[in-house]
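A single chain comes next, written as structure tokens; it is the form predicted on its own.
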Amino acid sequence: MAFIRMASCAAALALAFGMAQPAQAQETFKVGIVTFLSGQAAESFGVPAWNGGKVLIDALNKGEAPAPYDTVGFGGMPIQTVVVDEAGGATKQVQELRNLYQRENVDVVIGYVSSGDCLAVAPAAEELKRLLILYDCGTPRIFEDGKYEYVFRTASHATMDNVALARYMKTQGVKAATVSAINQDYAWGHDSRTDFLAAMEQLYPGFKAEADLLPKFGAGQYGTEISALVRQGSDVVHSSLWGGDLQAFILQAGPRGLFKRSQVVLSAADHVLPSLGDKMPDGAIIGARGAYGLLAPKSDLNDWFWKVYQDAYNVYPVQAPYRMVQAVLGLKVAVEKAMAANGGRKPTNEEIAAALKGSEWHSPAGTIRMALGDGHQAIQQTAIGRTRFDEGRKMVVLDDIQNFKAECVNPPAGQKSIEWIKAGFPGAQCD
């Protein structure tokens, strides 16, 4: 077990910068961070996510984040972090979660990219009555199949990504009489494929589903699958591949002409654009799991986050750091709301949970609202665009960007995603 301790000198920083000291200035707020720091998901997701968290928490501890986040730490309490590698599988992550609560005595855990890990750790946090914020994983089943008091997800689940893709194709006039799919063989891939094909049935009635490929997570080599997709020649190829799997698939499929033979639509692809550069084929339709990175809305908060991230890491932020940042900001809003209600004391788990439940806050990606899962599951706006390598800027840019309101691409409260899609999106607000 390897804990990486970071930002543990936050209290000293507070004194060094002469910050205003609240009544409980001797207290700190300890956050466990779990994200991939090794393995094939680290480069694209885990490390960029924590990089986003680091620049934000550093700014919060110095009181240098823009309003309304310009108070020090969480309600004057400096933020400490304990960072744990998500690699190793669900069983290991359940034990690591218990260690964070019981040995490290963290106040809250923010974590998890893998849908399988999220499904495993959520019941453990609930059993211990300790706060858990899921910042990234996409399976809708967390709050559609379960009910929690201490578990929250501060980003939309994957239904939004796939409904938005299908809506974008329809409004852009994409031909889709035949569709093939390639998705990872675990919860995320299965749920993404199900939601996308169900949305297609509503928007492209009568379309024909063809190849349905489910390579294992981390397969790395896709020669057989690419041959099948090229041979099939479907109008559209859908994929929710991510991280190293997605990079490998694009690098292997591009030279073999898949992107020219079929319209490839990728639900979570923005994070590979900086590293792929001119290896990313033009014309792919991609999402970012939210209005993140090149798809983010213009705002002072987004401009600030983009600059501090790019200054620190010499690359622009993509979806993972945005998602980590909106989790930290949501927690800050909840902690300070709870403190305002309890006379300024460090809040309990139950007080923070009550404040976060059903709340909303501003993020660099727009407004986040805890509208589903009885106030425990977020919805947010999103956007989709087409890739094009810009020779002048030497980077991939996105054209034909279309924005979607949160209420257009997320189910209403109290309704399961797949039932909402199959019913024809009742209550969707897309105007």
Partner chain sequence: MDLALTILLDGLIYASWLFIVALGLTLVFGVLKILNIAHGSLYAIGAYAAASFVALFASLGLAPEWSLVAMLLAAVAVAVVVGPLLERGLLRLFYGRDEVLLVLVTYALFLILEDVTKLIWGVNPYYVSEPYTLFGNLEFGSLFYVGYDLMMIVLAVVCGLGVWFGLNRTVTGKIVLAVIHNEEVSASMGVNVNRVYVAAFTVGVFLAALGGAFTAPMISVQPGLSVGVIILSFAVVIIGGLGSIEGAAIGAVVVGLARAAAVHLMPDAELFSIYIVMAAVLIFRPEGLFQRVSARKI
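Residue numbers count along the first chain shown, from 1. Just so it is clear, the structure is predicted and the values come from calculations on it, not from any experiment.
What follows is about the form predicted together with the partner chain, which we do not show.
Student: In the model of the complex, is there a heavy atom of the partner chain that lies within 4.5 Å of any heavy atom of residue 39, even though the partner is absent here?
Tutor: Looking in the model of the complex, residue contacts with the partner chain include residue 39, since a heavy atom lies within 4.5 Å.
Student: Can residue 213 be called a contact residue for the partner chain in the model of the complex at 4.5 Å between heavy atoms?
Tutor: Yes - in the model of the complex, heavy atoms of residue 213 and the partner chain come within 4.5 Å of each other.
Student: Can you tell me if residue 227 lies within 4.5 angstroms of the partner chain in the model of the complex, counting non-hydrogen atoms only?
Tutor: Residue 227: yes, in contact with the partner chain in the model of the complex.
Student: Check whether residue 248 has any heavy atom within 4.5 Å of a heavy atom of the partner chain in the model of the complex, and answer yes or no.
Tutor: Yes - in the model of the complex, heavy atoms of residue 248 and the partner chain come within 4.5 Å of each other.
Student: In the model of the complex, do 56, 76 and 343 all put a heavy atom within 4.5 Å of the partner chain?
Tutor: Not a single listed residue reaches the partner chain in the model of the complex, so no.
Student: In the model of the complex, which of the listed residues (374, 64, 43, 27) lies with a heavy atom within 4.5 Å of the partner chain?
Tutor: Only one listed residue qualifies here, and that residue is 43.
Student: Please identify the residue among 261, 357, 98, 92 with any heavy atom within 4.5 Å of the partner chain in the model of the complex.
Tutor: Only one listed residue qualifies here, and that residue is 261.
Student: Within 4.5 Å, heavy atoms only, one stretch in 123-131, 357-365, 230-238, 161-169 touches the partner chain in the model of the complex. Which?
Tutor: Only one stretch qualifies here: 230-238.
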